[in-house]
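A lone chain, given as structure tokens: the form predicted on its own.
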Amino acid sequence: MKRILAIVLLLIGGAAALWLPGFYRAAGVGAGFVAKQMCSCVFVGDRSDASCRPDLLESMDSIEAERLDGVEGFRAFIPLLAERRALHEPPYGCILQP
């Protein structure tokens, strides 16, 4: 019984090791998308935060977005997984930060 449990745990650990890096990358892409869209909508489109959020895909609802203090930009994040920032750079629009 212990051997079967060890094999099952090993398989679950191996699957998680293969799955997690892709999940972190996808979370970063989603956070970048939300940061860029919110920044462009607010600072280029001259709309309010509240009017821009419904324009995003429903699958992006778990990604939080907030305005940055002191600069024109947005921070989008999934707690403990990913964070991206987009800054408004006239006349180029909003640019994702590395």
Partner chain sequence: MGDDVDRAHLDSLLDDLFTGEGRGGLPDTRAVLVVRGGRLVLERYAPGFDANQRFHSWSMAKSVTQGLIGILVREGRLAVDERAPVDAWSAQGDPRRALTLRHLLHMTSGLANADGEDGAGPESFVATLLFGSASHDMAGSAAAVPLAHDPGTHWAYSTGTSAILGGIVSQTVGDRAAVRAWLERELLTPLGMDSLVLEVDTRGQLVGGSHAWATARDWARFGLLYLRGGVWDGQTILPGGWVDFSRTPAPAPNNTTFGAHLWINHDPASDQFKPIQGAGPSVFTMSGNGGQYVAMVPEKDLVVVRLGEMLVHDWDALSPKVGALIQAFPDRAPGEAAP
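Note that this is a predicted model, so its numbers are computed, not measured. Residue numbers count along the first chain shown, from 1.
Keep in mind that the form predicted in complex with its partner chain is not shown, yet the notes after this line are about it.
Though the partner is left out of this view, D55 does reach within 4.5 Å of its partner chain in the model of the complex, counting heavy atoms only.
None of the heavy atoms of E83 is located within 4.5 Å of its partner chain in the model of the complex. Taking non-hydrogen atoms only, A65 never approaches its partner chain to within 4.5 angstroms in the model of the complex. In the model of the complex, its partner chain sits within 4.5 Å of a heavy atom of D46.
Residues of 62-98 placing a heavy atom within 4.5 Å of its partner chain in the model of the complex, in sequence order: R84, E89, P91, Y92, G93, C94, I95, L96, Q97, P98.
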